[in-house]
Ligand code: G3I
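Okay, here we've got a single chain as structure tokens, the form predicted alone, with questions on binding and movement later.
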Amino acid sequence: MLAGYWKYVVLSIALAAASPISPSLRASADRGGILVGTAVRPEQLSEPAYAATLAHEFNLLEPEDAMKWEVLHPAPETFDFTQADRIVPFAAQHNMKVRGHTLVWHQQNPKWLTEGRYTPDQLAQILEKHVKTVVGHYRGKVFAWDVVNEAFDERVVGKFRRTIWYDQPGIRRARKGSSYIEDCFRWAHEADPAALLFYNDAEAEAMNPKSDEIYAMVRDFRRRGVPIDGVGLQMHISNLHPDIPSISENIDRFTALGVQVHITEMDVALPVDADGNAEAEDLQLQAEIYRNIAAACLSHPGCTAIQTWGFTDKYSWIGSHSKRTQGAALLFDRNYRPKPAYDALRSVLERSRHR
């Protein structure tokens, strides 16, 4: 009892220090019937400021890596849910929804899979088992899944990415194209008919050839009864002048198909100095980007969630990915202080009444 009490006290103190602004993002989103979320790392949940800010500010979370193949399925006959099983109970304890990420991707796969030299039939059996085992394990606990992630090749218009799932060697299906994606959606639906199933991709936020291909696939799936419920637009932004009208038009055409749109991985990278600090004017520009994209999303009833890829600059992937030339991409700084982008997003959530 005492240990639990003092843990609560520590979290409360951390929350007061980390989130001085009221109402929170979460409170503003809840009043509007909106999901506001973030990607999380299980190892950080033991950090009081991290856990307190997460629980106070968001009503939706998603694992960064804890549900990817190399973590969940480390050997052919072994599933290890240890990391993800820290995240899902945290969400339940704090009345948060969970998005699962991701069942099928071309990266972060274990060597036993990528170097296994499996036949297409063997690979199909492995993939079906993986999808059904993972979705089944979290049946009723994960409300939405990124079933397939980044299947389209951004370098070659109209082409699917070359992967073990598609053509190296690909899974059993005489018809190529989106057939393996269709299989994955059907398997996931069998494992949990109540879960919402999303296709998730990058660099398809605006109207462009890649988003055209995704739109055509989703339209085909909807016409043929493939169980797809939504499209995830990642929204990793490094161009500080994104085409907001084009993003809005793209959201509009997807929701017109009868599917939901989630912004799934948003961050806005800024130029930073050697200490990781951005210029004040860039922080204000960043805030306007968060404001405008959130407003574009919420102007469409079918755009139902806004999620960032992490919430504190302390743990953002942008620094290492850019070799420390960019950073400061998220809503909170490295000390969990809200930035102008936080205020901008909160103001949009505060004005919205989505349902």
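In case it trips you up, residue 1 is the first one in the sequence shown, and so on. What you are looking at is a predicted structure, and each value in this text was computed from that prediction instead of being measured.
Just so you know, the form predicted together with the named molecule exists too; it's not on screen, but the next bit is about it.
- The contact residue chosen from Arg222, Lys141, His236, His94 relative to the named molecule in the model of the complex is His236, the criterion being a non-hydrogen atom within 4.5 angstroms.
- Interface residue among Asp192, Asp183, Glu150, Glu205 relative to the named molecule in the model of the complex, by the heavy atom within 4.5 Å criterion: Glu150.
- Segments offered: 283-291, 313-321, 50-58, 298-306. Contacting the named molecule in the model of the complex at heavy atom distances within 4.5 Å is 313-321.
- At a distance threshold of 4.5 angstroms between non-hydrogen atoms, Asp30 is out of contact with the named molecule in the model of the complex.
- Mapping the unseen interface onto this chain, Gln108 counts among the residues with a heavy atom inside 4.5 Å of the named molecule in the model of the complex.
- Among heavy atoms of Lys68, some come within 4.5 Å of the named molecule in the model of the complex.
- Under a 4.5 angstroms non-hydrogen atom cutoff, the named molecule in the model of the complex has His101 among its neighbouring residues.
- In the model of the complex, the named molecule lies within 4.5 angstroms of a heavy atom of only one residue of 32-46, namely Arg41.
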